Every structure is written in structure tokens, then in C-alpha cells.
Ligand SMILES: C[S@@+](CC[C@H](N)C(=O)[O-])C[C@H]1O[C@@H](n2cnc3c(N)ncnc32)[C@H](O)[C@@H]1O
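Only one chain comes next, encoded as C-alpha cells, the form predicted alone.
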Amino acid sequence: MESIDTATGLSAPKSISTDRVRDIFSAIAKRYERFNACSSLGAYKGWLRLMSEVADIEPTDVVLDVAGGTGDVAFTMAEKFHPQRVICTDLVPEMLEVAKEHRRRGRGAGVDMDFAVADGQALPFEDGSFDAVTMAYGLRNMPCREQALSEVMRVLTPGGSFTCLDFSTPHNALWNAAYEVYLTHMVPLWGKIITGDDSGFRYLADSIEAFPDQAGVAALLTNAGFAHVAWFDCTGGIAAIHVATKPIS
């Protein structure tokens, strides 16, 4: 399957993007949540709430959170739905260490939770292991996106749900122009203020601009074989939540 440079969307070896993402997020893991809060002006919390409102998760479900980072999505789903079990995975061990610390401090509402270092493009789980899969800000950082979606499809049970949050494209031209200015100038500035280095955050801005819009992500999901594909815009399309289902037959 095709591999791209996630900063440009152009064809490139997988290692370029994988190594870059691992280096960036291992360095900023302890400050990642602060950056999220500041750079989104607090809006990301509303995006998480909407994600939990549209996710199809039952108390009997086993849930996999791919590219779970510091655990925001995994904890949100655990606290909202109280599923049977949640496994939070990420490529970067340092991000998961922050999630584990949150767990030790009481996040997760007592739900059975595990944490595992895993590449979302090669998940170490058996076919049909999960009733629901979630992902936030992960697909954009994966150089083999078709493979990542194939893996989600593989580990889902028939009829299982996939809920994916990521940055997207505002439909209003003026709002989109303002957003592009913010990405180009303010996102690296927030990174500089919070971590002292803006280089990784310039990549984040570039990756957002290179990522497919709402219809483009929906097409990736449809081409991967998902059914009932839909999306919900957040903050005028700055982000979007995609939902889809693995066909029963």
C-alpha cells in the first residue's frame, strides 16, 4: 500500500514520517496536553465531548484506542460508556507513560484498562478482537493510511464501530483563510512558548494542511470497506469526527 510523507502528502518511504512522529512526540509528551489546550483555545475538550456523543459503544464492549497518546480519548470513552475493557495504544512510549500516570491518579472510572506500545499500521491483536475502535489525531500522522484503516477493519468485530477525530478543512472561505494563518503562525508560536522549540510544531501545521478534507477522509473509509460512513464538523470544520461501521457480512 502507498506510503507518504505526512508533512506533504507526497509519496515517500514510511520511515521518514514514522521516525519524525516518534521523535517529536517523545520530546513533547509531558507538555502535549498543555499545548493542545492552548493551541485549540480550549476547543479540543468540546471535540472530545462530541466524539463521545457520536461514538457507538456499549457497556459490554471491548474498546481499542489507536494512537491514544496521553489517554484523553480512552479515558473519555471509559468514563462515558463504562465498557467492559479499554486498551489504549500509541507508537510513542513516552506518551503512554503520561496516560498511565493519569490512570494512577484515578482517571477511567474504574474501567479495566491496559496500555500498549503499538503501531496503528500493524496492530498486534487478533482479528475481530474489538467491538469498537477510536482514534484521535492519529490517521493524519500515519504514512500508510490505507494500511492503518485495513488494520482497524481487521481487528473490529462485524458490526463494530470506528470513531475518528482529526483536524479538517473549514467550508467557509474566510474562516478557512483565517485558520490557515493560525496554523502557519500561531501553532508554531504556541509550540515555542510551551516547549522552547517550534520545529516539531511546524510539522504539525504542515501535516494538517496536507491532510485530506472531510470528503477525502470519508473516501478513504469507504475504499477501506467501511459502511455507514459519515462525519460531524467541529468549530466550523477546523476538526471533524468521522464515524463508520464494519459490515456484518
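This one's a predicted model, so the numbers in the text were calculated from it and none came from an experiment. Note that residue numbering follows the sequence shown and begins at 1.
One more form of this protein should be noted, the form predicted in complex with the named molecule, which is absent from this view; the next part is about it.
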| property | result |
| --- | --- |
| Sole residue of V98, I87, V155, A118 within 4.5 Å of the named molecule in the model of the complex, by heavy atom | A118 |
| Single option in A78, L149, V133, L91 placed near the named molecule in the model of the complex, where near means a heavy atom within 4.5 Å | L91 |
| Options 156 to 164, 101 to 109, 120 to 128, 173 to 181; stretch whose heavy atom lies within 4.5 Å of the named molecule in the model of the complex | 120 to 128 |
| Y32, heavy atom within 4.5 angstroms of the named molecule in the model of the complex | yes |
| Partner proximity in the model of the complex: A240 to the named molecule, non-hydrogen atom cutoff 4.5 Å | no |
| Heavy atom of T169 within 4.5 Å of the named molecule in the model of the complex | no |
| Non-hydrogen atom contact L64 with the named molecule in the model of the complex at 4.5 angstroms | no |
| Contact at N36, V73 and M142 by the named molecule in the model of the complex, all three, heavy atom at most 4.5 Å | yes |
| Residues of 49 to 71 having any heavy atom within 4.5 Å of the named molecule in the model of the complex, listed in sequence order | A67, G68, G69 |
